[in-house]
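To begin, one chain is listed below as structure tokens, in the form predicted alone.
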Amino acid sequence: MKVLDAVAWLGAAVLGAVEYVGELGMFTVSGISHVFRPPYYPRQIGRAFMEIGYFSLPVVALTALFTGMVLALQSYTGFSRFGAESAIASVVVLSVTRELGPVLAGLMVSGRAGAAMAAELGTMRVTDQIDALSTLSTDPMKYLVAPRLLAGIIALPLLVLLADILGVMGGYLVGVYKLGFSSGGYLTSTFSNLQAQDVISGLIKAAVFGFLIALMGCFNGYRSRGGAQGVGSATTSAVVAASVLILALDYVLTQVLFAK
């Protein structure tokens, strides 16, 4: 019996995972199709943009600034053992623009805006507000999901661009005012090692991450069930799923963008 119970549990887990992936795939295709098809709701898009972009500015800015400062400090600690202190500026700017800016901004926005989207849509689902939209001949995917997907694709690259600037500035402040580098030499080393591809690759990652954050927030909130407990579970699932996908796709995108 124990063997049969284990097989039954494994089969149920596999079927549940397949069902989840199938629902997510259908939801993704439907959401993308609604992004490119009218009618559009500019007010909903603007509201989602403010929620994802503007209200996430403080946490993203502080994270980027202190990440750049810590990165410069730790790089100096390691590079000074090999007499390679001059490489600190290039390490900071490349690390921030290629990886740390998009990934950290994505994780911060996932924890703030992704959770908010899942909670909002989950509450609307369990209180039958989404069903009420359908009754009023308003497509919930068009009205609730598509604006958030579009706002995520637009807002996160703008946040990452700001994070790049603040991260490099944090490294500059530590390098010049604590480690004793000359201001001109640090800036020269920074810009001489920075290429357009480094910034563009980070912005491409940011657009993908923004879509993922909005998608997982909307998907988990949209399929929420079971009252307040279901909304809480959907919020947690949205943040965890988005964070894991960001880290996994970061590797895939890095391989694609920088493969030789």
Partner chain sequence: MSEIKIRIRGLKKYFGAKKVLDGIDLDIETGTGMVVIGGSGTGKSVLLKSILGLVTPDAGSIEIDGVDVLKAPRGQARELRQQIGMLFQNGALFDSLPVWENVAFGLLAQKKVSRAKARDVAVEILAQVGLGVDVAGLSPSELSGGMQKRVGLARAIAARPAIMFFDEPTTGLDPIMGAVIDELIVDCVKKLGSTSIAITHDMASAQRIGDKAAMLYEGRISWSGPAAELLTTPDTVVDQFTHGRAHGPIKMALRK
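Owing to the predicted nature of the structure, the values given are computational and were not obtained by experimental measurement. Residue numbers count along the first chain shown, from 1.
Form predicted together with its partner chain: not shown, discussed below.
- Only one listed stretch (180 to 188, 153 to 161, 101 to 109, 121 to 129) carries heavy atoms within 4.5 Å of its partner chain in the model of the complex, and that stretch is 121 to 129.
- Of the candidates Phe55, Phe66, Phe49, Tyr40, Tyr40 is the one whose heavy atoms come within 4.5 Å of its partner chain in the model of the complex; the others do not.
- For the residues Ala116, Leu94, Leu133, Ile165, the 4.5 Å heavy atom test against its partner chain in the model of the complex is passed only by Leu133.
- For Tyr143, a non-hydrogen atom is located within 4.5 Å of its partner chain in the model of the complex, even though that partner is not displayed.
- By the criterion of a heavy atom within 4.5 Å, Gln74 is excluded from the residues contacting its partner chain in the model of the complex.
- Residue contact check for Ser90: none of its heavy atoms lie within 4.5 Å of its partner chain in the model of the complex.
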